[in-house]
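What follows is a single chain, given as structure tokens, in the form predicted on its own.
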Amino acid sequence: MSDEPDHYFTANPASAAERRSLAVRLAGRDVEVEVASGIFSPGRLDLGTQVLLRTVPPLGDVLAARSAGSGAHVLDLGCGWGPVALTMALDAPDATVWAVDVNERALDLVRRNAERLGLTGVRAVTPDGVPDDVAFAALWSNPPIRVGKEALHEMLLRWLPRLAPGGVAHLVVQRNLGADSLQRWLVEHLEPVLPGAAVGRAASAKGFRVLEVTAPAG
């Protein structure tokens, strides 16, 4: 067994799970979820995610405006214990919500929390568990910046091109961890893989930027 500490992007955390309940407010509702050590922000709803969830419009309204309905697929990239995926599912219970993470403990928590809240549309899987033909009407993410630029860029170039025509991604990134440079990088590197995509800033608050990527309508 390694003596190195677990990171939230560790696939199988070696530390004891130390599960406990946490009361949070998601999609305007007070709910109780299960959290554990060895994942991202196990003790609270982290500030970046709070900023993201205050910025994005209610998913149900977004999908209704696009007439996406029950056939819509949406993505929480780097889901942790699931605050973003659960919010998506609470807002749009007829959508299929893909909660993606490499951390198996986090995925187990998302499944438990979705079941606890009666959210049957949540699919908590590793990256390879998402079918290749699925395109996303929305992608919300508090991405794992601390994996390093190369891994982060590879992840974004894998998933952002899977936006459906007119689909929108929102990414929350701490300003002092490179939000502005990431925005410039997206402008430069998305064009070859998602031609015509628009990259901008949807919000700035509490030291975080919310970056917005909109796929062309097709």
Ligand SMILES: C[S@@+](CC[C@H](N)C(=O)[O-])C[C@H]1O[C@@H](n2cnc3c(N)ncnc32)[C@H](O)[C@@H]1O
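Since this is a predicted model, take the numbers as computed values, not measurements. All residue numbers are counted from 1 along the displayed sequence.
Here the subject shifts to the form predicted together with the ligand, a form of this protein not shown in this document.
**Request:** Look at the stretches 114-122, 101-109, 88-96, 129-137 and give the one with heavy atoms within 4.5 Å of the ligand in the predicted bound form.
**Result:** That would be 101-109.
**Request:** Give a yes/no on whether residue 77 approaches the ligand to within 4.5 Å in the predicted bound form, heavy atoms considered.
**Result:** Yes, residue 77 is a contact residue.
**Asked** Wondering, does residue 55 line up within 4.5 Å of the ligand in the predicted bound form on heavy atoms?
**Response** Contact check for residue 55: no, nothing within 4.5 Å of the ligand in the predicted bound form.
**Message:** in the predicted bound form, does residue 84 come within 4.5 Å of the ligand, counting heavy atoms only?
**Reply:** Residue 84: contacts the ligand in the predicted bound form.
**Request:** With heavy atoms only and a cut-off of 4.5 Å, decide whether residue 183 touches the ligand in the predicted bound form.
**Result:** Result no; residue 183 lies far from the ligand in the predicted bound form.
**Request:** Verify the flagged residues 164, 200 and 214 against the ligand in the predicted bound form: is each one within 4.5 Å by a non-hydrogen atom?
**Result:** So, no: the whole triplet misses the ligand.
**Request:** State the residue from 26, 63, 155, 168 whose non-hydrogen atoms include one within 4.5 Å of the ligand in the predicted bound form.
**Result:** Of 26, 63, 155, 168, the residue with a heavy atom within 4.5 Å of the ligand in the predicted bound form is 155.
**Message:** Where, within 132-146, is there a heavy atom within 4.5 Å of the ligand in the predicted bound form? Residue list please.
**Reply:** Contacts from 132-146: 142, 143, 144.
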